[in-house]
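First structure 1, then structure 2: two forms of the same chain, each alone, as structure tokens.
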Structure 1
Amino acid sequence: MIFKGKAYTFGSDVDTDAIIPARYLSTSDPDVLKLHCMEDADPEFPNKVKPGDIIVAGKNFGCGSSREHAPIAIKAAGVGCVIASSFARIFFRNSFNMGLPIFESDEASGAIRGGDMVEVDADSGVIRNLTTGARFQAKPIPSFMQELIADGGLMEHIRKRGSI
């Protein structure tokens, strides 16, 4: 699977309150959540982002709460995938459980600028900056997590295989 889109860059330690503030958590409706995606980090983000665009962030992306509203909001906003130096662990597992593709690459995170066109090959983990021509290799995704993404998330995986 290939993801291609414009990069929106964020710093390190982007927390789940920045991704989707708690004041909107009295709903889990993706169509409502997407209107506030990344609002406390960049109030204009929900208006600017186009389907397929890519979030690029520093270390510890998604730290804070366990809310799945965070990957839900990002997916619903149309973001194709997220690249970061590292992910906070609950955000990491939520993303695989829900089928939001995420890629860890310190080099890509440091070298991609806001507005660059970026392409990610999910199978090989190769990230290309189409604007500058640079090429990066994301950390390999463990085979169990590849299964989760291929099955369309954890619950689909259980439905298909009868157990985790």
Structure 2
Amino acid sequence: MIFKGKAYTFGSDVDTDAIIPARYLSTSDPDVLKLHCMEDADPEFPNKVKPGDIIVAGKNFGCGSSREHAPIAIKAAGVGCVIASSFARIFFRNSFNMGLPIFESDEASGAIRGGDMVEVDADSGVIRNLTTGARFQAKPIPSFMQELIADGGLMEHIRKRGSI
């Protein structure tokens, strides 16, 4: 599984309220949530992000409340994956459960700049900054987790396997 897109950078401690503001939590409809993804951090983000683009952030991305709306909004906005120095524990779990690939790399997080073209190989964990030629290593996503992502998240994965 390869992800390739333009990088949008954010700082450290981006909380779930910055990812999807609480005022939009009356719905879990991905088509509504994507319209407000990251708008408090960058009001133009929902209008400029393109399918496959990549969010790059500092430490503790997704901290705050445990809402599943945050990874749903990011995924619905078309973001291919998120790279950060570290993720809040519940956001980490929710991301995979919702089918949003995430990669931890302190080096990539600090070196990738907004607008850089980035490619991530989920099998190897290699992150390449196609703009600068730099290469970084993240933990690869195990094949069973890649299946879960490809199926659209945990519930869809279980449905497709006939367990529900």
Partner chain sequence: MGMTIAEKILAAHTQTAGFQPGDIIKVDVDVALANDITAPIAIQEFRKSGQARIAHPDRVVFVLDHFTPTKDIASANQCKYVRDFALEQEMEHFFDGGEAGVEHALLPEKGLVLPGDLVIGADSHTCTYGALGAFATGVGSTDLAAAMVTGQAWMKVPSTRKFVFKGVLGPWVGGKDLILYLIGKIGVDGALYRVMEMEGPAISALPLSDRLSMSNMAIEAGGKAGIIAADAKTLDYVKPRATRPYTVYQSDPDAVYESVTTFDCTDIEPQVAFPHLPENARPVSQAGDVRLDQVVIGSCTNGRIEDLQVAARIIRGQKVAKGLRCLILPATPSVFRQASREGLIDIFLDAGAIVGPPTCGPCLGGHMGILAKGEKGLATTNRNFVGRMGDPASEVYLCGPAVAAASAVTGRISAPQEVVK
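The model shown is predicted, which means the values in this text are computed figures rather than measured ones. Only the largest set of C-alpha atoms that superpose within 1.5 Å between the two forms is called the rigid core. Each residue is numbered by where it sits in the sequence of structure 1, with counting from 1.
Enquirer: Which of these two chains, shown alone, is the form predicted on its own?
Expert: It is the second structure (the form predicted on its own) rather than the first.
Enquirer: How about residue 156 - superposed on the rigid core, does its CA move between the two structures by 2 Å or more?
Expert: Residue 156 C-alpha, core-superposed: shift of 2 Å or more.
Enquirer: Examine residue 22 after superposing the rigid core and state whether its CA is displaced by 2 Å or more between the two structures.
Expert: After core superposition, the displacement of the residue 22 C-alpha between the two structures stays below 2 Å, so no.
Enquirer: For residue 48, state whether the C-alpha moves by 2 Å or more between the two structures after rigid core superposition.
Expert: Moves: no, less than 2 Å.
Enquirer: Taking the rigid core as the frame, how far in Å does the Cα of residue 146 move between the two structures?
Expert: Its C-alpha position differs by 5.2 Å.
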